[in-house]
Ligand code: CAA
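The chain below stands alone, shown as structure tokens; this is the form predicted on its own.
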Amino acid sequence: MTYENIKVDFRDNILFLTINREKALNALNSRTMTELHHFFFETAPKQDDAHGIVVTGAGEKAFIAGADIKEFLEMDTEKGKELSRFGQEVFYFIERFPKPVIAAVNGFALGGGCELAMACHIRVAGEKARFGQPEVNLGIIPGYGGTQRLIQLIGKGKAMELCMTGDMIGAEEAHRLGLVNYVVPQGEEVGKAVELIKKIASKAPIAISKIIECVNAYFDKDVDGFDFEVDEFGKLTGTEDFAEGAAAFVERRAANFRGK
């Protein structure tokens, strides 16, 4: 697939994904969502030597300022359901990607932009970043998982307030609430995300993927997260990485993990 609305770069064993619609404040139209689906379902899984993914938006104003509202004007009930289901599917792939996916939020992260950031495993915000779920102003609700993930990150009461008022919050408040992991000077978002991926890359890659699975299992109504953890813990004790990590600890040296 030829990408028109996203830009993909690979350097230093990191995939950099940029939503590249700066004039539209990187709004998520149907083409962009299709490209995101292809990237996380087809392209990224085949990049075996990638240590992780950094997601950001083009320009200085917006990470993603929401969905492309012009595409909503001709929607009916069935088209609305289809749009929501597809968006949730795309963000499901992001949330469960087996390597770290970090959002470098460089401006407005509103509506679908906030939802995409929440689907990432870690969020780094520039000091001028703004977050919100303003869909109520259009007479609708978040449809890409926002009502669910916002609760997971900041709790029911505040999630209710932000979704019902449509208010935006700044980076510092987002950090205080637990919506973002770090706030950095504007322009340093990608650098901090790279720093985190490089740190994670020094750990056992199989263990990292299992951490992602286990944490997500907590929110899966069909899975007992504790039982899932037991099974995955047991599997990991049979890996070469565990033998290497244990030996390195005893020998007081750095481990050389090989992902086996």
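Small disclaimer: the values here were computed from a predicted structure and weren't measured. In this text, residue numbers run from 1 along the sequence as written.
Keep in mind the form predicted in complex with ligand CAA is missing from the figure; the text below concerns it.
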item: Site test, Ala27, Leu110 and Leu138 vs ligand CAA in the predicted complex, non-hydrogen atom cutoff 4.5 Å; value: yes
item: Location of ligand CAA contact in the predicted complex, chosen stretch of 181 to 189, 117 to 125, 149 to 157, 102 to 110 [non-hydrogen atom, 4.5 Å]; value: 102 to 110
item: Contact test in the predicted complex: Val230 vs ligand CAA, heavy atoms, 4.5 Å; value: no
item: Distance check, Lys235 to ligand CAA in the predicted complex, heavy atom within 4.5 Å; value: no
item: Contact test in the predicted complex: Phe72 vs ligand CAA, heavy atoms, 4.5 Å; value: yes
item: Ligand CAA contact in the predicted complex: Met168, any heavy atom under 4.5 Å; value: yes
item: Residues from 119 to 134 in contact with ligand CAA (non-hydrogen atom within 4.5 Å) in the predicted complex; value: Pro134
